[in-house]
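What follows is one chain in structure tokens, specifically the form predicted alone.
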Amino acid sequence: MQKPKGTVDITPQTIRGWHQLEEAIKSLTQMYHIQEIRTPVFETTEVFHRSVGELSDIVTKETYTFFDRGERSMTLRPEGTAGIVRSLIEQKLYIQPQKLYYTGPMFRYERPQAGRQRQFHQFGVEYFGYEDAASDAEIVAFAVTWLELLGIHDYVLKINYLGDHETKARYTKALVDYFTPIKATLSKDNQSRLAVNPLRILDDASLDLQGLPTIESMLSDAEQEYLQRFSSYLDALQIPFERDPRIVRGLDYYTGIVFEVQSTHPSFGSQTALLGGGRYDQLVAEFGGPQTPAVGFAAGLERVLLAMEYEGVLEPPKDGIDVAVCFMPETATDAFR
């Protein structure tokens, strides 16, 4: 028998890197006063379909969904935020602001490659009840500080601003108006995205964005001011960043600030994202909870481990043996004692 395709055994020879990740997570979350939360690895299917989007790539192509013996549809979690939001509402944690983090396995039916498995692991941080630009900047600062603590320095921080639901909807319409006349020139994937999620077309790195309308031109004065405050906080912390209109994130619930940290190490291929996230102020309300501002990020731990390996900061496995007791057969009992 062999392990399923897209899964990995974490052996004693490779576990030390995971310990490095976990130690950095524990020390930094303590410093930021972020508390751990643990939710089930499977939820009712509606939790993910409702949050991620019925027509997103994750839901249509990648989830592990099954019916249990009660004929209820269940899904292995493909990401962490939706389960956290469900728990926040069910346990009424929203009665006061929360800073939460989680770690654990996620499941997506994807083509396995370096840094991407069908069972993979994420570390995520979620802030609930915080609506100011300083909270967005703190989330970003936490993320890059964690990478630096691990010894990762070859990366770039990219940010974008999607605006609120109304701004996002106006920009989506502008993209539809732009791409519809040239639909025949788009790839099959992008033609599908045009019909269900036009923002995802911007993920296509081969696409020429010259002449494409920008979301920045559609932001209100208040949104422009918010973006400026956020940028000034990053400047104050001396965190360099790039504005990138291609950063839209693959999940439907994002509004406002979105960001990705991408490795710039030459050993990485096309999959360079180490972590990413953004603001999702409507998700708690969409789940039936009270209106609750929220912002967070998630990191793929396998991808972060690859970055540590490429940058030569993985610690070697520890032998751990300090004393060896040698004995003759007739002294075995005393030696055991």
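Quick caveat: nothing in here was measured; it's all calculated off a predicted structure. We number the residues from 1 along the sequence you see.
Heads up, the form predicted in complex with a small molecule isn't pictured, but that's what we're talking about next.
Novice: Check each of Y102, F230, F142, Y171 and return the one that places a heavy atom within 4.5 angstroms of the small molecule in the predicted bound form.
Specialist: Selected option: Y102.
Novice: If the cut-off is 4.5 angstroms on heavy atoms, which of these, Y155, Y226, Y254, W146, is the one near the small molecule in the predicted bound form?
Specialist: Going through each option in turn, the one that passes is Y254.
Novice: With the partner removed from view, which of 285-293, 63-71, 270-278, 42-50 is the stretch that lies within 4.5 Å of the small molecule in the predicted bound form, judged by heavy atom distances?
Specialist: Among the candidates, contact is made by 270-278.
Novice: If you check in the predicted bound form, is R249 within 4.5 Å of the small molecule, heavy atoms only?
Specialist: The answer is yes: R249 has a heavy atom within 4.5 Å of the small molecule.
Novice: Using heavy atoms and a 4.5 Å limit, would one call R108 a contact residue for the small molecule in the predicted bound form?
Specialist: Within the cut-off, so yes.
Novice: Contact with the small molecule in the predicted bound form for T81, defined as at least one heavy atom pair within 4.5 Å: yes or no?
Specialist: Yes - in the predicted bound form, heavy atoms of T81 and the small molecule come within 4.5 Å of each other.
Novice: Is there a heavy atom of S135 lying 4.5 Å or less from a heavy atom of the small molecule in the predicted bound form?
Specialist: The answer is no: S135 has no heavy atom within 4.5 Å of the small molecule.
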